[in-house]
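Have a look below at one chain only, the form predicted on its own, in structure tokens format.
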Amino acid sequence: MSAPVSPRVLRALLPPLSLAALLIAIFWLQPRTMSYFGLNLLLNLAVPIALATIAQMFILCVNELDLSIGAFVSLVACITATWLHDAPLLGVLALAGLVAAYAGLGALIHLRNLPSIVVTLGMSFVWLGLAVLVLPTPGGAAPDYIRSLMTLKPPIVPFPIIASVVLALAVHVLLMRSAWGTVLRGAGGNPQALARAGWSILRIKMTMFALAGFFGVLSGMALVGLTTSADANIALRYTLLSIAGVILGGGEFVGGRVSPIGAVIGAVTLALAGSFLSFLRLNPDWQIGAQGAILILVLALRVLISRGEVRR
């Protein structure tokens, strides 16, 4: 008689099983999506959402929370569609400055012991205001090389799937399989032990915030590559989607417990959820609520599995 699956294994399998269940439901509703073109269309916006989710994951990894990532991605999109397109050097400098600003934000939160929720909520208005200054009305244009990259059509497997797999594996190796990644995650799991060992928690938090800023920049650039233009409000919903993606993928709000592969799977699941709800002809005003209900259902299953793990 085979041994029962352990709660820990079930917990790890929950994100991919959720994604598989959603794909099966979509294929059942719309069989034509079970094709190269159909999958490419379904996952069209998965890459920028996955990049924003990875950015949020770096913040959560050090027990902080970023409520400004959506506005930040919108600002990056506006800069990409204007300055990076018209004056590449100015655009690159501006984007590099934004990554540095994110690192400084991490330093400010750590040195002044400020609640990240409050600081990043305030920064969301700063990013949004700057985005409006850069691009007062929707418009601009994507640089040709970004548009060409985001609209690649490799044989057999659609580009969004390839990009998501590469992103998940690259960040997994960086954060979960390297000595450097172990130190970075330790700042969320046991910062006191790291400090006693001689590591600078300030430097670690600045690094994690800088990584979040870097992936936020990639998210905004990827989004413009797909939409070919920008708007100051283009990615505001990415804040909640990124948090949901990390949690859906098995991450925790405390303890430095995150999963890069799970986060990308969670982001792809949320991207597919929008298509699934559209196929159900659900009113767009209710779709955000329905996505929240899907998240709550998965989290409820995870709590039940965790309780089974504790009892053992």
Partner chain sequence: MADDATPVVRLDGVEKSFGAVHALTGVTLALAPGQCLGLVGHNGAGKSTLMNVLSGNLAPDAGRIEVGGTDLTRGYAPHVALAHGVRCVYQEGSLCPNLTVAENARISHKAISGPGWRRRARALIGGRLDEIFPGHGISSDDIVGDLSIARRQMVEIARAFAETDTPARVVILDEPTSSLDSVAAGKLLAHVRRHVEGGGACVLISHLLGEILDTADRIAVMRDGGVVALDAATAFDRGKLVAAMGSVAEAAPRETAQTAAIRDHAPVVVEASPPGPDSLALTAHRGEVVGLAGLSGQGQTELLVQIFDHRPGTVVDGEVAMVAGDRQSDGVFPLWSIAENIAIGSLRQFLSGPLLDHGRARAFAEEWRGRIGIRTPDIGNPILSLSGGNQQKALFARALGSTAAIIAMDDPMRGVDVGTKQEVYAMIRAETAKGRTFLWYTTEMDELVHCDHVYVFREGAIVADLARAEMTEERVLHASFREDA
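All values derive from a computational prediction rather than experimental measurement. Numbering follows the first chain given and starts at 1.
Same protein, other form: the form predicted together with the partner chain, not shown, and the subject of what follows.
Residues placing heavy atoms within 4.5 Å of the partner chain in the model of the complex fall in a single listed stretch, namely 185-193, out of 149-157, 185-193, 231-239, 211-219. Using a 4.5 Å cutoff between non-hydrogen atoms, residue 87 does not count as a contact of the partner chain in the model of the complex. For residue 274, no non-hydrogen atom is located within 4.5 Å of the partner chain in the model of the complex, even though that partner is not displayed. In the model of the complex, the partner chain stays beyond 4.5 Å of every heavy atom belonging to residue 170. The shortest heavy atom separation between residue 180 and the partner chain in the model of the complex is within 4.5 Å. In the model of the complex, 255, 256, 257 are the residues of 248-275 with at least one heavy atom within 4.5 Å of the partner chain, listed from first to last.
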